[in-house]
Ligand SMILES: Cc1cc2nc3c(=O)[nH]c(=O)nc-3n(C[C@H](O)[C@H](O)[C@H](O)COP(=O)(O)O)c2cc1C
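Quick setup: one chain, the form predicted alone, written in structure tokens, and binding and motion questions come after.
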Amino acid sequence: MTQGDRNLLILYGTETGTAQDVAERIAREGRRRHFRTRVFAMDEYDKSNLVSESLVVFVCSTTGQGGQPANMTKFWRFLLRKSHSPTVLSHMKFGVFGLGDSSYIKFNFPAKKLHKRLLQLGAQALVPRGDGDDQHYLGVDGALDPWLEDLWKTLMDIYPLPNGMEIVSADVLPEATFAVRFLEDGEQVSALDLADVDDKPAKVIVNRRVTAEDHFQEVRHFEFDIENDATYSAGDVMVIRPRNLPDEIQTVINHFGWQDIADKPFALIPNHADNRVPLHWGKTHTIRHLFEHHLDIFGRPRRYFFELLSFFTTDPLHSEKLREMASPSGQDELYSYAYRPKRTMFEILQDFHSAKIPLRYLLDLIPEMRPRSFSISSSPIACPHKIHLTVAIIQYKTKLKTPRTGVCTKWMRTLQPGDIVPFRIKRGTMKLPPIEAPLLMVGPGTGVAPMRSFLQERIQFNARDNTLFFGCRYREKDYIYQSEFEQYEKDGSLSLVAAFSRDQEDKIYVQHRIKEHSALVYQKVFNQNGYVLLSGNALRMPIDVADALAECLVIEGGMERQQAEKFVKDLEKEGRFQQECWS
């Protein structure tokens, strides 16, 4: 590779935007090393050009139970074509970095499969595959930092810089991704906002609290009217783009001192060919509209946020502190200051108030708000042209005085009947089992949402062999959909087993109820080839439920523990033990 041909292609597959952030970081670091970088989502890249690429870095996240993200699907299918020669990519050197959560059985499965397939097609790995893990206290950076260090060392050994050329110092302010051009008076203004091509309108008809007013956790039931051509299936997911609240954005605008230009329209002009303004942003923007609809100013910061912010501070102590937290040696301090108390980007800007942000760097500093996914809690057959959601409003306390809130659920809480919410549908990770098969559902808390969808659907088809293990803290405070489930039980359509963890001295969870009903579980799942569906928090519950299922085999089937655990894992491989859990 010659100096005039230092081409580095970076392809990413992302569901929430994290893999894109990693890809853009790699591109920035590549440009400092004088590589000509290009960044694309895998499905946006022209796959016919792959055979001519000599240096590619792949970044891919994991969705659901080990699935690849949606914008990687077509690219993955292309790689799997049997017509490919085993040497078709023999000219390519590559690296793969995966993003996942080690609490899942299929941890970083897409990255592992991608790495293996590239080797099968003759490509040469520059470094071992990297595995980012959400469980690391530093998040993805815990694995990304050492992986990138190895990658750059390897690349610079293979492609050294010519004499007289040096790596651009990290102390040099990088070029902004976009230039800003304010429109002249009388210049035509296009629509400020466009929906994604796949977005549909949903009209709010119900927004009510379903937990007791004095209960610490607020859960709300939403109902939306949807158009006839907006279809979904039981178990699907509703994807919503959040918004920031207008009064909070006015505070942000006041902080930046942009009151006079907040509503003045401007255009964004990319400074690199591979930089693109998202289509749904439209062509004309205002500061207020970007903050209210698109920019994640109240989200958690990336490490690059601290690095870039350090260039704009007028206080040397502020600059020094920011650079320290952006450095590899300052990660413990970064965790203590930002990640552990979950400080937002706006709170950090308030702390480092000497920073004066040029408008052209706003989109480099503040990333786009990512869509949020919610399991649909209704059946399209039982509730035609409607979607129900069961949403926990995120609010909790840290050592900071101001309670932490979820950006999306804080906004959803304010929705009124008649409000329009753009949305799209994506497939959930669980599929409706055969109607004739017994179904055992485990859905504590809002994990009951997809179970309610499956249950409504099965009842419509007169499938009555349904068992639900539901868990919450108190019968009288957060037993959501209690009357509905009890009516199903009265009608003979459901066997209901509830666990109330705080209604007695000893805490009782769904896994305890599963063990208590080992004979029922063994009969339905193992003797009658039934299915188990599990939804809820991914922290401990999936492991505990899998252990409880294995214990049922030991108790009722007389199996050895190791044999029982293997049986449960085999259930998952067969698709008879499905999970939809979140961190």
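Note that residue numbering begins at 1 and tracks the sequence as displayed. Since we're looking at a predicted model, the values are computed, not measured.
Although not depicted, the form predicted in complex with this ligand is the subject of the following passage.
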query	finding
Heavy atom of residue 100 within 4.5 Å of this ligand in the predicted bound form	yes
Residue 581, heavy atom within 4.5 angstroms of this ligand in the predicted bound form	yes
Non-hydrogen atom contact residue 17 with this ligand in the predicted bound form at 4.5 angstroms	yes
Distance check, residue 66 to this ligand in the predicted bound form, heavy atom within 4.5 Å	yes
Interface stretch in the predicted bound form with this ligand - options 100-108, 327-335, 225-233, 414-422, non-hydrogen atom within 4.5 Å	100-108
Contact residue in the predicted bound form, chosen from 307, 134, 292, 364 - any heavy atom within 4.5 Å of this ligand	134
